[in-house]
Every structure is written in C-alpha cells, then in structure tokens.
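Taking the form predicted on its own, here's one chain by itself in structure tokens.
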C-alpha cells in the first residue's frame, strides 16, 4: 500500500492517477476540510481515503497501517497564512518531521519527499522548513528519495503570479534575462512514480528541471508566438523583491518574496543525465503555452 500525502493537490492528484494506472494500491490522507469534489475524484480512481492532518500527528498511525511507501507533496503554500493553523513551520517543518518519525516507527520501507531545487537557497521560512525535513529524512534510516523540482510552468507561467497570458500582460521578476528550467508538474509526478522502482532514486536527491533553459523573457516570446499577441511587460526590480523579503510581516509573504527573488536570479538545471537514467521525455514550455491557448 502506498500512502500519498497532499493527494488533493495538483501534483499529488496526478501521482495518484499514475499509481492507479499501474494498479498500485493507494491510500490518500485527506483533511476534514478538504475539497470534497477532489476527494470524490480520488475515490473514483479506487483510492482509499483516510482522514488525517499534518498538524495532528495522532492521525498518522492509522493512516500508516499496512503501508510500505509514503509519497508526500503537501505544503502550507500557496494557501492563506493562519497563525497556529497554517504556516511553513507548523506544516512544512514540524508536521513533516513528525510524519517522518511516525513512518520510521511504523516500519515504512520507502519515503518520497517533494522539496524544491537546491538553487533556492536564501533564508526564508519555506526554504528553511524543506531543508530541515530533507536532513531529518536522510538521517532517519528510511530509504528515501528527495525530489527537488524547479519552478513549475503551470504555476510560474500563470496569472496567479502575474503571467497573464489571456490578457497579454506579464509581470516579471527582475530583468527577466536569467535562465530557468521550467518543469511541468506532470513530469514531476512521473519522476515520483518512477522513483519507486528506479535504482537511481534510492537514497538520492533528484534535481529536476524541464528540457530547456529559458529566461522569463524567452517564455514571453514563446507565448507571443503561440497566441499571436504582443505582450505588455512589467518588471519588478530585484531590489524591490529583496525589500519585500526583508519587510514581509508573515512567513507566507516572506516565503513568496524569497521564491520570487530566487526566480529572478535564475534556476538552470541540466537534465541530460537525469532523463537518460529515468527515460522520461520532458514537456517543453511551448506545449504548455499551446495547451493554455486551447482551453482559453
């Protein structure tokens, strides 16, 4: 049995779909407040649902019964900061570390943890939480895989962060010239599932990017070519992003500012060896752009 934490999220639900496609037995941990339509979709895939919460370690033991592998994609972001209920320290650090401890006690044989790329390496709450969990997992004695995907194209090339392709308006972080290896969450899900059987994933950290090293401006040009529109481009200077990081009043704001600052500085990842070891063909940004235009 495989337990998926974060199964109602974008990445977690795709991992569940791929696992069930392989007829793997899957259990999903879902909070009492989870979107019931998403929970229903998981049940339709034949996934067992168990109520639980990263903030409540007492819910771990029943969820882990009969489980051999844990895959977790859960995070407090990008949700609203609620002191004492939803923040990176409570969920991403303390909750995840408690889960690792519970998994060790339950005799879990494999733990696949979703972090983010090593180039995200400045001081902010989400980054600090993820690195603390990585270290704790590596020292736990459980066979682990740490997935370190870069910037998801479905998120960072969307209106959610100022890349409004539908209205041909984008807000870029910094000067927009630094290379980024945008990756699709569909490909990250494939790496997660492939990690179950690929020896290269055993006790390994996998730095994951897409097939190209593109600047934010390159991405704009791709969307212009696909849509046939000229985009209006606004830049947020690095200095402004640094100021946001320093003056942010809550850990979510500080974490998002930190991510934007790292994004501005670039995140190039060479995937040649990784794709050969895992035999995964990566989705390019142009395909993502075409898909967005098709559903608009």
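Numbering follows the first chain given and starts at 1. What you see is a predicted model; the values in this text were computed from it and never measured.
Beyond what is shown, the protein has a form predicted together with a small molecule; the following relates to that form.
For the chain shown alone, residue 191 is not a contact residue for the small molecule in the model of the complex, no non-hydrogen atom being within 4.5 angstroms. A residue is said to contact a partner when one of its heavy atoms sits within 4.5 Å of a partner heavy atom; residue 248 fails this definition for the small molecule in the model of the complex, lying far away. Shown alone here, residue 209 lies farther than 4.5 Å from the small molecule in the model of the complex, counting heavy atoms only. Though the partner is left out of this view, residue 269 does not reach within 4.5 Å of the small molecule in the model of the complex, counting heavy atoms only. Here the chain stands alone, but in the model of the complex its contact with the small molecule, taken as any heavy atom within 4.5 Å, falls in 142-150 among 196-204, 142-150, 102-110, 170-178. The contact residue chosen from 163, 124, 223, 116 relative to the small molecule in the model of the complex is 116, the criterion being a non-hydrogen atom within 4.5 angstroms. A heavy atom within 4.5 Å of the small molecule in the model of the complex is found for one listed residue only; from 235, 31, 265, 229, this is 31.
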